[in-house]
Structure formats: structure tokens, C-alpha cells
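Only one chain is given next, in C-alpha cells, and it is the form predicted alone.
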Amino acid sequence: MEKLRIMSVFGTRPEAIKMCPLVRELASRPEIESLCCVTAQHRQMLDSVLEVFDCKPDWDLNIMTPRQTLSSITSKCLTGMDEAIDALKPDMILVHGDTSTTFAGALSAFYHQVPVGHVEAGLRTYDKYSPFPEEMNRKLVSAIADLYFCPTVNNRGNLLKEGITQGLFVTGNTVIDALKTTVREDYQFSTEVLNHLPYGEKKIILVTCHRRENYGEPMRNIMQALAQIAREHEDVELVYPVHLSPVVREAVDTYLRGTPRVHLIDPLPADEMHNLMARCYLVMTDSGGLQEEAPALGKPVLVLRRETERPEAVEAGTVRLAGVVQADIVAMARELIEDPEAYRKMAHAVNPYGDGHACRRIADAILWHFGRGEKPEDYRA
């Protein structure tokens, strides 16, 4: 019997962190030929993850250009995927999450009548402009996909409410699988400043902020809040790996550069980011992935957004919505810095996102779909 040709498509750093463990799991199955196509929507940050996980793409669209737009990303992905699909002839295409690569990859698969598996399916805010463009990307992919790999029961419930009833699996999140391979107690950072932070003496806060819907006034508010937190708390140091977006870098330079106890560094490879997260005190972020990763490491998260498509973490108590108003952000951070009991409740809450076996469940589900194995049991938190 011929091997199933399963092609994983991704293009950004967060996608790669969550898909590389799956590419590896698929390659371990004798029934599967695991193929990897990258769009390089984020070239430099993507490559650092591929290196960490020793993942060598079979096809590289290399689409990234300076000041690229959503339209240019999507159109380049679509035309590039034509050639990749014709050459690699996959039996199924896997896309992840909610990026422009995700939508274009799924749409291209549909045009070629290739079945689609959606990894990290069913996340919703029900506000089509927040996060932008991610909310519409994932809803559009849901209309195309054949298999849906939902991290949580709640994600599956969202799809059921939308009338999607077939091909649903609750798998946990593949990012937990990734953490199992990257976090080590004896880890030495290649970014030298991280080896010399006073982890035991001061409260190290890890910060990321880059989402498009935060451009403008929300980002200005966030940056000013971070500066205020650093100025008001001498026992706190902020570490901010600054996204390569020119818009983000301009805001950081205007409001944060030169602030005492704020370390502005370049984006980190996945293993460095995971190990910094494991040693920090608190995470403040508008990222989606960090809302899943940090609770797995026992770190509270303040989300620098108005809403989250990850309500399970809010319900579990590992995540709080801080919003984008300066006074609110400062107040929530102050509570966790100054109140040990408030901190303990968040740090010790149960992570709802997985047990580190999501990739195994996804591979099993694919084999079951093609009549090559048993249907996997759903993940239960």
C-alpha cells in the first residue's frame, strides 16, 4: 500500500513552533510520507524555528517582502501553492490556526480538490475585526476543512454551533508537545543578556506586543503602561523581544527605549523564548500562543487585548484580560507584583491546553480518516 502524502503548510514563527512537532510525528509513521511546505510569510523568524526543530522544508515559497500587505501575502501564497501542490501531489494538506498563510493554503487546497486538515480549529472571538485578520481567516478555513483538530472541548463546541458536525477531534494543543522538547533546567541562552538576568532576586516580566489590531492608540497605551510599571517597581525587570514590524519598533523606540529596567532585545528563537518563559515571573502579551505556553509552565498571563479566543485559560484562572487602557494594565500588573496570594492563584491554576500528545492524536486521526487505523480518543483536560 502506498504511503499517504501529508503536506503541512505554514509560514510564520508561531505556526512553525506548533507545526514542527507534528511534521516530526507524521514522519515517524510508516504509513505516512510527511511533506513540509513553508510560505516564509515571516522569513527570519520562521527560519529560526526551523533550525531549532531541525525541520527541512520540501518546498519554500519565500514570499516575504518589505512592508508586505495582507493582499500581497495572500495572492503570493495562492499562486505559489499551485506549483507546490502540482509538484508534491499531497493526499491531504494541513494548515494551522489563523494566518494569511493558513487561509491561502486552505483555499489553494480547495481549488486543487485536496482534503484539508485544520490544526488548532474552532477558536473564535465572534468579532470579525478582532483579532484582524485572524478571526475571519479561521472562520473561512472552517468552511473549507474536512478534518478539525480542536485544542479544547470549547473549540469543538464553537464549530458544532456553526453546524460543523463531521471530522471533529479534540486533541490538545501541539504547542505543549513543542515545550516538552525545548525547555531544560540547564539551558544556556545564546542571547547573552538573558544569562545574567537576576531571576531569583527580581521579578522578571516577559513582554510581547505586535498584533495589528493594537496598532495606533492601543499600542501607545500599552507601551506607556509598560514604562510606568518599570518605573514604579524597582524589584521588576521587563524583557521585551521586539517584533520586527516597523510599526511595533517605532512605538517601542518612542515610549520604551531608555527606560530603566527594560531590556529591549531582538526576537528570540523558539527554544530561547520557551526557556525565558520558564524562568520569568509573569507574562504580558497580545500573542495567542503565549496564552497557551505560559500556563503550561506555571506562569500567569496578562493579555494585552480587549478579548481572547482562548476563554478556557480565563475560566481556568491562568489568564486575565488586561485590555489596552494604560490604567487597567498597570493596576492588574501591580496586583500580581505586590499580592503573593493573587499571584499564587494564577500560577497554580490548571493548564487546559494539553498533555503533550496532541501530535499523536492528530496523526492517528488522519490515519483513521484514510481507513488506516483506529479513531483516537479525545483529549480531556
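What you see is a predicted model, and the numbers here were worked out from it, not measured in a lab. Quick note: we count residues from 1 along the sequence shown, nothing fancier.
Another form, the form predicted in complex with a small molecule, is not on view; read the next lines as being about it.
Figure note: of the listed segments 68-76, 139-147, 107-115, 83-91, the one touching the small molecule in the model of the complex, with heavy atoms no more than 4.5 Å away, is 68-76. Comment: the small molecule is not present in this chain, but in the model of the complex one of N214, T308, N154, T99 has a heavy atom within 4.5 Å of it, namely T99. Comment: the small molecule is not present in this chain, but in the model of the complex one of R334, K345, R320, R43 has a heavy atom within 4.5 Å of it, namely R43. Although the partner is absent from this view, L244 contacts the small molecule in the model of the complex, with a non-hydrogen atom inside 4.5 angstroms. Put simply, K299 is far from the small molecule in the model of the complex: not one heavy atom of it is within 4.5 Å. In the model of the complex, at least one heavy atom of M64 sits within 4.5 Å of the small molecule. Interface residue remark: E237 is not counted as part of the site for the small molecule in the model of the complex, having no heavy atom within 4.5 Å.
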